[in-house]
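In structure tokens, the next block holds one chain alone, the form predicted on its own.
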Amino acid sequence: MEIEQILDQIYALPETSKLKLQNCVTEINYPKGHLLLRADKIETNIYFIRKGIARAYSNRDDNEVTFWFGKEGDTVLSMKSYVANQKGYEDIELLEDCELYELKSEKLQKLFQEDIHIANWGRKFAEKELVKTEERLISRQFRTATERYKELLIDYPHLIQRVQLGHIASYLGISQVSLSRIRADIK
């Protein structure tokens, strides 16, 4: 997905503002397995996925708990670093070779001060991320594992072919054995 499409899906910007933002973005590539963001570190970059898949996870009792997947067009960042300039709590691992767009948080903050349209773009971005987080929380709290799996199949059908089942089970909050049972029951 091209950077113009990614920016527009967040909030449509006037052409001059979009160009200012695009001029601060660089294209980078990292291999599968690369840890893009690390827990307990203030992250200074924001990424947009051009091609590939990533996951966010936290370690709990020597166990990795996946709580987010990112795909083409998604933004990758530590929200805690972005909003509060504090250490994040998540690691973000690339699950495929990835083509990314990188944006320095410092440059973005400067653009927020200079251009009201970009500041509004940043506000809309934060609002959309809040809604996505709320939806994940509600799903986790009020739906069964089977309902969450079916929801995942509808919302992200490509993930099943591209992500290890262990990561999907962790995301759903169940064991891999339970996931296998759910998958068998659905077929």
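Rigid core: the largest C-alpha set superposing within 1.5 Å between the two forms. Being a predicted model, the structure only gives us computed values, none of them experimental. When you see a residue number, it is the position in the sequence shown, counting from 1.
Not pictured, yet referred to below: the form predicted in complex with a further copy of the same chain.
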Query raised in the report: Only one of 64-72, 22-30, 152-160, 35-43 gets a heavy atom within 4.5 Å of a further copy of the same chain in the predicted bound form; which is it?
Result: 64-72
Query raised in the report: Given that the partner is absent here, does residue 104 sit within 4.5 Å of a further copy of the same chain in the predicted bound form, heavy atoms only?
Result: no
Query - Contact test in the predicted bound form: residue 51 vs a further copy of the same chain, heavy atoms, 4.5 Å - result: no
Query raised in the report: Any chance residue 115 has a heavy atom within 4.5 Å of a further copy of the same chain in the predicted bound form?
Result: yes
Query raised in the report: Is there a non-hydrogen atom of residue 17 within 4.5 angstroms of a non-hydrogen atom of a further copy of the same chain in the predicted bound form?
Result: no
Query raised in the report: So which bits of 136-170 sit within 4.5 Å of a further copy of the same chain in the predicted bound form, heavy atoms only?
Result: 136, 137, 138, 140, 141, 142, 143, 147, 170
Report task. Return yes or no for residue 168: a CA shift of at least 2 Å between this form and the one not shown, with the rigid core superposed? Result -> yes
